[in-house]
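Starting off, we have a lone chain in the form predicted on its own, written out as structure tokens.
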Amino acid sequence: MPAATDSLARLAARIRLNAARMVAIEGFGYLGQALSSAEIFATLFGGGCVRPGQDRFVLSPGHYVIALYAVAAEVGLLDARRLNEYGRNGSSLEAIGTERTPLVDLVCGSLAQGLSGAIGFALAAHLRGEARDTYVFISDGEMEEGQTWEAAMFAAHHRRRMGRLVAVIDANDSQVDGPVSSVTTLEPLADKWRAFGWRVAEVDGHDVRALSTALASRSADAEPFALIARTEILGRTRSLPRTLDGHFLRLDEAQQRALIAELESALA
């Protein structure tokens, strides 16, 4: 592994470990979302993609905010000691993001609204002549709602103004009612985004090299760009039983210890 790629892989491991420790505070939470998206957030915030203070970042599924906190503590955007406040009453580090959530330009409690908000940011930047990118993180489960597709259609229609818009999709086949593929399938997902007029890349979402290469391939002079990252809700961890409901994990003390030990060993 090249040094930069190795650094991103270690950052992803740190994100998982931070998230596991955060969820261990109460013994339950949206840990699966951080396990599945760790490499995505590592690449976005540790790989020079999202430039804090310049670019816009929209978090469409608010329950993924655990991954944002976990990476922010590693790249200097958040005091790592604050992770101990995660999910506690009165803390700004809420388990599901709200309008009070730090570090993000927009977080959506109601799912499927993030792309619409990101399009607003991208359009405003274009009209003002600002050299800023807009990234929106989307989950596959929320794409079962129609607003995402209406927004995708709008962005493609205005493609000359949307070249700096990037949608990153965590396709982990998980939503609250079960596997996405069993509730309402989205496949063929890449073909659908292409049909709506977007440039599309589809990669292994646990491969930081593939993620980095795909994001580097986009062009601000082209259509809006959608990156489909195929992931697993438990993040390919070995210690967690495959029978667990990855959407909202409840871990007993033995499971917590086993997971944290596995994640710590990955960093040894």
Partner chain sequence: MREPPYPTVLKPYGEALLEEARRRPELLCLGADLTRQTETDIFRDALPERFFNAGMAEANMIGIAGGLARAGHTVFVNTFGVFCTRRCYDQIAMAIAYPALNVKLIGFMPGLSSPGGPSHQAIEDVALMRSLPNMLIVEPSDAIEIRQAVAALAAHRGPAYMRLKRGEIPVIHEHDHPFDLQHAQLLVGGRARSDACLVAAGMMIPPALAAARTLSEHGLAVTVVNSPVIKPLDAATIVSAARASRLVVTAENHTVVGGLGSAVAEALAQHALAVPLVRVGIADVFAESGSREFLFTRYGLDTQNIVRAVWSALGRGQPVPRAPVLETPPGAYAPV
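Numbering follows the first chain given and starts at 1. All values derive from a computational prediction rather than experimental measurement.
There is another form of this protein, the form predicted in complex with its partner chain, and it is not shown here; the text below is about that form.
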TODO: Tell me, yes or no, whether A131 is in contact with its partner chain in the model of the complex, where a contact means a heavy atom of each within 4.5 Å.
DONE: no
Open item on the list: I'd like to check something about S110: if you look in the model of the complex, is any of its heavy atoms closer than or equal to 4.5 Å to a heavy atom of its partner chain?
Closed with: yes
TODO: Report yes if any heavy atom of S116 sits within 4.5 Å of a heavy atom of its partner chain in the model of the complex; otherwise report no.
DONE: yes
Open item on the list: Residue-level contact is defined here as any heavy atom of the residue lying within 4.5 Å of its partner chain in the model of the complex; does A167 satisfy this criterion?
Closed with: no
- [ ] May I ask you to choose, among P188, G120, P102, P179, the residue with a heavy atom within 4.5 Å of its partner chain in the model of the complex?
- [x] G120
TODO: Name the stretch, out of 191-199, 170-178, 79-87, 145-153, where some heavy atom lies within 4.5 Å of its partner chain in the model of the complex.
DONE: 145-153
Open item on the list: Let me test this: is every residue among R21, L240 and R257 within 4.5 Å of its partner chain in the model of the complex, going by heavy atom positions?
Closed with: no
